[in-house]
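Read the single chain below, which is given as structure tokens and is the form predicted alone.
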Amino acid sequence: MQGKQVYAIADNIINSLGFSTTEVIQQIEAEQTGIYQHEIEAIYPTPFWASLVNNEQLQTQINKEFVGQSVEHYFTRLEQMFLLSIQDVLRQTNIDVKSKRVLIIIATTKGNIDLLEQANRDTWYYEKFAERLDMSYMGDVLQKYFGNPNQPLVVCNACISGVLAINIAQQLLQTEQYDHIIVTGGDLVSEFTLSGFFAFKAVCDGICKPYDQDRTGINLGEGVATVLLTTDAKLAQKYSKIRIGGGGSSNDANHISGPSRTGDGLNIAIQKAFKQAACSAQQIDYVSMHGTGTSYNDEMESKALGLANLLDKPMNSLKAYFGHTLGAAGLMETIVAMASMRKGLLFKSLGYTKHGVSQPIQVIQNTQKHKIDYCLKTASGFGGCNAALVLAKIES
């Protein structure tokens, strides 16, 4: 590993399972899903299975956290989740978000895309917030609320955005331009995203089954996740036991939506991550995969694990717990992986019962104790993009 070590010292998850990392992990430990069938014509004309953040619970949290600020009148639904998530992370430490040594990085694929659906239904609402369809403008809104002096960086690279944002944050911190970086990612389930995946015939009618013989597609999910990264070793000892070992990315350029049939592209990203983290496949104790539950993605990932000599490593997908949260997925799942490392727990890969890929991958079928010193997190997305990240536990 080159440059200063980078540590994860605080985090938050907001999704259908809860409004904090602790709440979400408790639900995952209990093997509870947040995916249900919904009939919401404002989002999609027919019933669909997805993981949605409850609006009443969201407003309760907003009113409790931002007393007297009328946040719902000044921020979109997605922005409200960003505010809650970042605020929770800041509360966990004493860093000064208004310092020029702090940067905010935002990972998203579609941002405030739901505003388009308001154009004909609620003209006033759309006109009020229309500028925020521009992701950079949305970033400015969050930056100004928290009083951070730096222009936020927006990472938008399909479904690897969350993992890629962490990799970029590590590189920036190692330049010593910043002391701390807040990496936050979020996306919504909207008519736009649902229509796209339905058009691909990639949406599961039920709870998804990554790597299973009977898998039929994905469940979309929504939410926000935030992690605070730092190069301050003293803060790391106080707040966390996890460091960012290294990351890598690639593009197999196979197809506009379909992944490589060979797994070569993802393997390239994994090998880059290993090199930067100065670790080998033999040192990996657990792999958190993308695992969408679609036929081609899961098969590609199994082949990539074979190429990377990781077929004997326990691995899982978290998509059956809270769906595919698009730009937030890699970040959200990295935070869950960190919790696995701290707790020494391998979480069941919910939805998997019968082996359904060509390679003998070791899908976790029961939540169990396991010592995890090194974890590999992967992500893949449309356009052939791939990303990988190595997490390492630090000594007390």
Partner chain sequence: MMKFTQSCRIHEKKIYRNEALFYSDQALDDKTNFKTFIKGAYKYLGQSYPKFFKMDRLSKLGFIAASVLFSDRVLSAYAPEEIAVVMANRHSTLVTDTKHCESIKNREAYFPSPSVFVYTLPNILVGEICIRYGFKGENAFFISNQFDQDFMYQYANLLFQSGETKACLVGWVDYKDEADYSAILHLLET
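Source: prediction; values computed, not measured. Numbering follows the first chain given and starts at 1.
Another form exists, predicted together with its partner chain; not displayed. Remarks below refer to it.
(request) Identify whether its partner chain in the predicted bound form is within 4.5 Å of every residue in the set 231, 302 and 378, based on non-hydrogen atoms. (result) No.
(request) Name the residue from 113, 307, 278, 281 that puts a heavy atom within 4.5 Å of its partner chain in the predicted bound form. (result) Comparing distances to its partner chain in the predicted bound form, the residue within 4.5 Å is 113.
(request) Note which of 99, 251, 87, 216 lies within 4.5 Å of its partner chain in the predicted bound form, where distance is taken over heavy atoms; exactly one does. (result) Contact with its partner chain in the predicted bound form is made by 251 alone.
(request) May I ask you to check whether residue 360 falls inside a 4.5 Å heavy atom distance of its partner chain in the predicted bound form? (result) Contact with its partner chain, no.
(request) Examine residue 44 and determine whether its closest non-hydrogen atom to its partner chain in the predicted bound form is within 4.5 angstroms. (result) Looking in the predicted bound form, residue contacts with its partner chain include residue 44, since a heavy atom lies within 4.5 Å.
(message) I'd like to check something about residue 272: if you look in the predicted bound form, is any of its heavy atoms closer than or equal to 4.5 Å to a heavy atom of its partner chain?
(response) Yes - in the predicted bound form, heavy atoms of residue 272 and its partner chain come within 4.5 Å of each other.
(request) Report whether the minimum heavy atom distance between residue 197 and its partner chain in the predicted bound form is within 4.5 Å. (result) So residue 197 counts as contacting its partner chain.
(message) At 4.5 Å between heavy atoms, only one of the stretches 293 to 301, 185 to 193, 237 to 245, 68 to 76 reaches its partner chain in the predicted bound form; which one is it?
(response) In short, 185 to 193.
(request) Can you tell me which bits of 144 to 159 touch its partner chain in the predicted bound form, meaning any heavy atom within 4.5 Å? (result) Sequence-ordered list: 151, 153, 154, 155, 156, 157, 158.
(request) Work out whether the Cα atoms of residue 119 and residue 131 come closer together or move farther apart in the predicted bound form than they are in this form, the change being 3 angstroms or more. (result) Between the C-alphas of residue 131 and residue 119, the gap widens in the predicted bound form (3 Å or more compared with this form).
(request) Check residue 119 against residue 50 at the C-alpha atoms and report closer or farther in the predicted bound form, compared with the shown form; the change is 3 Å or more. (result) Compared with the shown chain, residue 119-residue 50 is closer in the predicted bound form.
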